[in-house]
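First, one chain by itself in structure tokens, the form predicted alone.
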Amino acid sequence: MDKEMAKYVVKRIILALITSFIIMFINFVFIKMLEPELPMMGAQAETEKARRIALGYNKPILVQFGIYIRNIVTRWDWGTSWKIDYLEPVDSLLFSRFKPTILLNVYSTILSVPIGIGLGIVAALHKNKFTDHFISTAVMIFISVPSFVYAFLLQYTVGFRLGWLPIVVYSLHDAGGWTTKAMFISMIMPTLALSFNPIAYYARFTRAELVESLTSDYMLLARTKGLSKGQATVRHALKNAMVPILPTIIATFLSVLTGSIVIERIFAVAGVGSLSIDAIRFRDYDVFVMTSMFYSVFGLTLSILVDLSYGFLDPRIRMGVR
């Protein structure tokens, strides 16, 4: 990594930290104003009272925010869940829901990337023919329809009417683990529901980039040197088209991750998305702040990785260099 690139990375990290702080301030201070006074709970009243005093609940909101930041920096203490899992540390609650969310999104990415790119290549190679028109029409349909609509259609047809797959994802107890065969089968439908939109996006983007590459001057030069159409396509057009396509895989992973919030709820996946909805529904504010920060930090990190990936894929591109 050269000096200019290193400066660019440091600058992006600093801006990401500032953005994260602003997002946390908004989530904590303005949302916290809606919080009602929570009742003490029976025999644990003394423990709950001590926990609230430690978190500064008896002080002004801005002071509470300062205590909140201090606890995170010094003790990695993100607060306590008061409604979803009583007195459970928020970070432990989040990390317990982390695995199914990532697993679901990895399955969706593994499925959508090869199918989407493959359809885009086929459409580009058959430009303005029936195959291209058919794929383009399907792509428009897949992009236009929200993922939760696919979820309901899959549940009704594949799960309820045909009975091929379970309507909801198995619990950890019933499946015997997150990586068992039973769990994988139960996650097929939510994976499919999440994959339709990315497949369409990859297909459309790949077709556009490959069509541009196929009509470029270097393709004509490659053909005049004696390369067949297939050789020129693989060695030059496809290679150059992949440079902008591959970073979009990282960016699309974020959109899939945020889209899984609703899908997790529909298919009863005990992931971060379901936890976020529960935090809003039950007004469990410490949980809400951390889940919001999880998505925010994840998105900011991926945006930096997307920018850096261009430079690694194509040495001619250098971020931070004018």
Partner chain sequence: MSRQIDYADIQSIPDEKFKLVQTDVKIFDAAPKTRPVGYFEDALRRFVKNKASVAGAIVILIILLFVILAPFITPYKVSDFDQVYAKSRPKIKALERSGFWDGSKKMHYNERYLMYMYAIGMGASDTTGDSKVISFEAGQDNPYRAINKINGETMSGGQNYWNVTVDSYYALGFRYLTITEARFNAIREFEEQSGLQVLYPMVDREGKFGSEAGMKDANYWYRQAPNGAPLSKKGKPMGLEEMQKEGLVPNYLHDDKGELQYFVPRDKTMRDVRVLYYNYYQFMNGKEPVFYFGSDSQGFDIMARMAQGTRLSLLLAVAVSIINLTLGAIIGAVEGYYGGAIDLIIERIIDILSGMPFYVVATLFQLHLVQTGKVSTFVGLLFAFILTGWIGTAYRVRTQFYRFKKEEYILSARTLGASDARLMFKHIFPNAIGTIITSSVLVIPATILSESTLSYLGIVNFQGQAMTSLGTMMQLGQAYLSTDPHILFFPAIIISLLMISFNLFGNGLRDAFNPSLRGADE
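Numbering follows the first chain given and starts at 1. These figures come from a predicted structure and were not determined experimentally.
Note that the form predicted together with the partner chain isn't included here; everything after this is about it.
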- prompt: Closest heavy atom of residue 308 to the partner chain in the predicted complex, within 4.5 Å or not?
  reply: no
query: Could you tell me if residue 68 has a non-hydrogen atom within 4.5 Å of the partner chain in the predicted complex?
result: no
task: Would you check, heavy atoms only and a 4.5 Å threshold, whether residue 97 touches the partner chain in the predicted complex?
output: no
- request: Although the partner chain is absent from this view, report whether residue 180 comes within 4.5 Å of it in the predicted complex, heavy atoms only.
  value: no
message: By the heavy atom within 4.5 Å rule, which residue out of 55, 270, 256, 262 makes contact with the partner chain in the predicted complex?
response: 262
Answer option from 110, 115, 185, 140, heavy atom within 4.5 Å of the partner chain in the predicted complex: 140
- line: Only one of 102 to 110, 198 to 206, 88 to 96, 118 to 126 has residues with a heavy atom within 4.5 Å of the partner chain in the predicted complex, and that stretch is 198 to 206
query: Does every residue of 6, 13 and 216 put a non-hydrogen atom within 4.5 angstroms of the partner chain in the predicted complex?
result: no
- request: Can you tell me which bits of 288 to 308 touch the partner chain in the predicted complex, meaning any heavy atom within 4.5 Å?
  value: 288, 291, 292, 295, 296
